[in-house]
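Here's a solo chain for you in structure tokens, the form predicted on its own.
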Amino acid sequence: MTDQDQKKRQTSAWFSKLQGRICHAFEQLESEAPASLYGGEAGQFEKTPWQRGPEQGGGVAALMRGRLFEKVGVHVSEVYGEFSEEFRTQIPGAGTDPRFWAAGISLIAHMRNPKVPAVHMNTRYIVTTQDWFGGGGDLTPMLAEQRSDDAPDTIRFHASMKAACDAHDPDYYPKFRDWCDRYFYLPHREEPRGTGGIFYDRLNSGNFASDFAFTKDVGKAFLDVYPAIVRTRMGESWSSDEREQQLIQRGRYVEFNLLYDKGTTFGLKTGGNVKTILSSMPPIVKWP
């Protein structure tokens, strides 16, 4: 086994392990949600293996439609093959050799309670003639009074992401926070999608072990902070007006994912699973 093969095996195994840990944590929250606010049975993840094609890898889609989590997908994939001619020029290292390998985890949670923020997290490892890590996590509060830098959930989420960054490089957090703010922005509305977090791409410091350790810490930080935020908020009741705000704000999420998200484009142009790629779409949305 080559050194590169070992890197592929290690990263893919980690993403699968993280998927299991996150699904378990979210199912616990489903069970803990107060019956007075959330009727019905607690949801559970349905895991569905899928194949990209013969000898091209695949993944495992995990989707839950619950009482607290109105819709959440936690998906892992390991895919390989060749980029199309139109796409290979856009990917580092693919211009002279179109072959690629990619593995990662991608998560988006849409909550029933408007006071519980939606959240996104993904981390990935990509190999062409070059190799690199990418990913991050960002928070999207649904209510106007929660969408500020000094809102408690935003402070808590950013503190967790900062701690993960600072453990590896003090320059990471300011750089990756700014990158997140610029990336998750809707220019046609001149507004951010949420209250940010961190975003990074094409991370290759020359030290695979260090970059991989950082990527794992981003996943661990998310696993610590988001369930804590949900537990703080899930016992709060909400009004019909707040639900209306939530459904309108979700429309912004749809607009970003379909118009600007590079992960959506990458998945669709590399023969990914359309069902898992578009599971990021909220279950109910309004454009009044």
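What you see is a predicted model; the values in this text were computed from it and never measured. All residue numbers are counted from 1 along the displayed sequence.
What comes next is about the form predicted in complex with another copy of the chain, which is not displayed.
For the marked spot (189, 268 and 288), a heavy atom within 4.5 Å of another copy of the chain in the model of the complex is present in each of the three residues.
Comment: 249-257 is the region of 249-257, 53-61, 40-48, 226-234 lying near another copy of the chain in the model of the complex, near meaning a non-hydrogen atom within 4.5 Å. Another copy of the chain in the model of the complex is approached by residue 65, whose closest heavy atom lies within 4.5 angstroms of it. Contact annotation for residue 71: at least one heavy atom lies within 4.5 Å of another copy of the chain in the model of the complex. When another copy of the chain is considered in the model of the complex, residue 23 lies well away from it, no heavy atom lying within 4.5 Å.
In the model of the complex, another copy of the chain stays beyond 4.5 Å of every heavy atom belonging to residue 13. Contacts between 273-288 and another copy of the chain, taken as any heavy atom within 4.5 Å in the model of the complex, involve 274, 278, 281, 282, 283, 284, 285, 286, 287, 288.
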